[in-house]
Structure formats: structure tokens, C-alpha cells
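This document opens with one chain alone, in C-alpha cells, the form predicted alone.
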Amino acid sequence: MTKFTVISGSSSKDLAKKLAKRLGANLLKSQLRVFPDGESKITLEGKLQKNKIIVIQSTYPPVDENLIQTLSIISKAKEYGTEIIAVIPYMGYARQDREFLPGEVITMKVIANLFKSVGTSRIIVVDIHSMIGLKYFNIKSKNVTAIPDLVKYFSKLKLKNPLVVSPDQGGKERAKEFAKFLNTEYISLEKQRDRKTGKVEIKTTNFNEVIGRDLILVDDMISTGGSIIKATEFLKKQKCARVFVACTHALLRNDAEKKIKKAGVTKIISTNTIPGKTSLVDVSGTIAKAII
């Protein structure tokens, strides 16, 4: 009997398959049926064994639907499993980890309580937006990074004197780590976002070190691409060479990919935490190491 059973949610089928293969685990698929009223019904295909069960599901849009489905699968798995490991490659609501404005609900706190209540033993996430969110989980929790996996991809590209760039000060440490693995330099731009309107402005005035160099804009996630677009437009004015984008989670909502390319980005490279055209980097190996 294998040590693990992997249960795949509908949003992470390919990643679940790769993870199960790496772990030599049984793979159980979940069948999803959505009724006309919007309710969903989940049926697990196959027989569950009395062993450690890994439930893998990213909670990208539709976030609430994917979240409810994840919690439902964990609840069912708990009836059989000796230990339930929730692998949430992309954790939705991670940006709602504190009360920014009076009266705001700290949704990550609510979600953490839900995961515990359905029987989760431990949780593994990939490049969560803020580590503060993990503090709400009163279970074993671990954040793993996809940076080494992304760097491996970029190291195979023929880049001209590459420079790693963070689109804001908040991502400075991420850019620093990326540059360290790639054995190159990094810089970070200064960004200002209006909390009410969401409008983004680049406050940095000049960066001579970008002239003629290929740039890698590094971020943890891209939603609508506003920050990346502003950063690209600014950097292009500084007479850089090509601009690439590296991110773990490519949500790319509202035609973001098209808009980012229009701003002057040569290529967007993301991981398979969220499946899509840009998800060229596999993180199943990194997740497998965290589980074992």
C-alpha cells in the first residue's frame, strides 16, 4: 500500500497528476456537477484508503466556488484519512490578511478557521501573498517558494546582462532572492497605490542601470497586471532591452495578458499553481519535498 493518496480538486488536475507521480501515490479524481441554482455536488472517483490523504486545489477565480469545493473534499477525506494535508498552491483571499480600513473583515482569519473545522491536519501553500495570513492557521502550515523553479527556466534563456526588478518595495526581498539564484543584480521600483481607487503610480524618477539590459520583472502574483504595466512603461522609457515577467501565480484577469504584452513585455512566465498559457514552470517537485 502506498503512503499517500492524492485527491485532485477541479482547479488543479494537472498539478495533482504530477504530484501523485512524484510521490508514487494513488490519484483520486473528483467529479464536479453544478446545478442550475449554482450549487455544486462533488463525488470522489475511486476508493479511499486508510492512509495520509493529500487534497490539492488552488482557490483562484471563481474563488468562493473553489474554496467551498476544497473544504467539502477535505471533509469527506477526513472520514478515511489518518492525516489530511491540504495543498493550496494558490491561496485566494491572501491579500485580506489584516484590517486596512475600519470595518474590513479579515477574511484569511475566517478561511483559516474553516480549514481547521473540516479536519485539515496541515496546510501547504506556494508563495502566499503575505506570511501574516498563515499565522491565523492553528494547524501546521508551510509556505514554499517557486523562485528556484522559475530561475531554472530563466537560466536557460539567452538573456543580455539580465537585471531582476521588483515592481514595488514590497517585493524587494523576492527580487533579491531571485537575483541570488540567477547570480545577477536586482533593483526595486517605488510604487504608490491609492487604497480607495486602486490607481498605481511609479514614484522612482530614474534608473540608469537598466539601459540596454534584459529585465526580469518578478512578482508573486499578477491579477489585472496594473503594477506590471506601469513598471514596464517606466522601464521602457529608461531604454532597457527586453522585459520579461516572472510570477508564481498568473491570474491574468480582464485581458491582463494582452495589456501586459501591449505595454512592451516580451514574455510572461508563471507556474502551474494556476493552469494557463503562461504556466510553463512545474512546482510539483517543490511541493513534494514539502510533504515528505
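Everything quoted here is computed from the prediction, not taken from an experiment. A residue's number is simply how far along the shown sequence it sits, counting from 1.
Separately, the form predicted together with ribose-5-phosphate (R5P) exists; it is not shown, and the next lines address it.
Enquirer: At 4.5 Å between heavy atoms, is residue 95 in contact with ribose-5-phosphate (R5P) in the model of the complex?
Expert: Residue 95 belongs to the contact set for ribose-5-phosphate (R5P).
Enquirer: Residue 224 near ribose-5-phosphate (R5P) in the model of the complex, any heavy atom under 4.5 Å?
Expert: It does: once ribose-5-phosphate (R5P) is placed as it appears in the model of the complex, residue 224 has a heavy atom within 4.5 Å of it.
Enquirer: At the 4.5 Å heavy atom threshold, is residue 149 in contact with ribose-5-phosphate (R5P) in the model of the complex?
Expert: Looking in the model of the complex, residue contacts with ribose-5-phosphate (R5P) do not include residue 149, since no heavy atom lies within 4.5 Å.
Enquirer: Report yes if any heavy atom of residue 219 sits within 4.5 Å of a heavy atom of ribose-5-phosphate (R5P) in the model of the complex; otherwise report no.
Expert: Heavy-atom contact with ribose-5-phosphate (R5P) at 4.5 Å: present for residue 219.
Enquirer: Only one of 226 to 234, 45 to 53, 23 to 31, 239 to 247 has heavy atoms within 4.5 Å of ribose-5-phosphate (R5P) in the model of the complex; I'd like to know which.
Expert: After filtering at 4.5 Å, what remains is 226 to 234.
Enquirer: Name the single residue among 109, 129, 76, 122 that comes within 4.5 Å of ribose-5-phosphate (R5P) in the model of the complex, judging by heavy atoms.
Expert: Among 109, 129, 76, 122, a heavy atom within 4.5 Å of ribose-5-phosphate (R5P) in the model of the complex occurs only for 129.
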